[in-house]
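The data below hold one chain only, encoded as structure tokens and taken in the form predicted on its own.
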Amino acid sequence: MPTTGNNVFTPWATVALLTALLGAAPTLSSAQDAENPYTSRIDVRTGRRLFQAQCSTCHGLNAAGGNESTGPDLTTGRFRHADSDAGLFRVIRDGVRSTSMLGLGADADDQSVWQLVTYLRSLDVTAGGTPTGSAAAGRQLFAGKGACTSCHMVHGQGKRLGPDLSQVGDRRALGDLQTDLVQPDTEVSPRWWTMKASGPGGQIVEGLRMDEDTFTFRIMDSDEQLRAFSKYGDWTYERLQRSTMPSYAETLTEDERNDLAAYLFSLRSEP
């Protein structure tokens, strides 16, 4: 099975990744026998990047298949002949006989294969359980006491200072949503970093980091106005990599957080 050296995967080697998950080889290597050691949030993000670079042609950018994708939907958490992580590892590396799923090959780096497994497991949004709170009550909290619409948009209503949450239930498990409400700094994408610019006379402008290069940067302030700055001259700047979202650990009760998480979990694309 052709592969490239230096642990780089050939793009065609992942055609129809995990198609039906059939035909896996019966013998596991010592790495495959072990429990997955790469299961952190960082591993999920790395696995997502690997998947989008190598596997999205057949399975879609978010692994849901459909449209022009030729591979199956991998977001359900159910695989035909790979109930365990070791089984997924085997199929990703060795492929499926008599299909276009060739696998990554024996030279593929164990860590990268495990991170792909971790990413695929993270796609099953029902794995974290089902909501105990009231989605209806959570909707009222979202627009009221939680003040979530001051940063987030849902179905065109709200602001653009945070991620659009119209379909957040498709991409975040219930447990992740609950964690987000009390520990918002746990995972902050560079897309949502902020910049703080300080200028003459004590002027301070802070806002969402929209773009940045060697010489300039632009931010969107709390009024959703774009401001452009030079990195050289009278203004200094600071890049803030923490979330602008407040923690609700103290401002909302546990029941209120469960209601809000239930509402967020209900925000899904149409079947």
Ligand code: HEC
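Bear in mind the structure is a predicted one, so any value in this text is a computation, not a measurement. A residue's number is simply how far along the shown sequence it sits, counting from 1.
Just so it is clear, the following notes concern the form predicted in complex with ligand HEC, a form of the same protein that is not shown.
Relative to ligand HEC in the model of the complex, residues Pro37, Val154 and Leu174 are all farther than 4.5 Å at every heavy atom.
Site annotation in the model of the complex: the residue of Met195, Val96, Ala86, Leu123 reaching within 4.5 Å of ligand HEC with a heavy atom is Val96. Within 4.5 Å of some heavy atom of ligand HEC in the model of the complex lies at least one heavy atom of Ser243. When contacts are judged by a 4.5 Å heavy atom cut-off, Phe217 does not count as touching ligand HEC in the model of the complex.
Although the partner is absent here, Val44 is not a contact residue: none of its heavy atoms lies within 4.5 angstroms of ligand HEC in the model of the complex. Contact check for Ser100: a heavy atom falls within 4.5 Å of ligand HEC in the model of the complex. Contacts between 158-174 and ligand HEC, taken as any heavy atom within 4.5 Å in the model of the complex, involve Leu161, Gly162, Pro163, Leu165, Val168, Arg171, Arg172.
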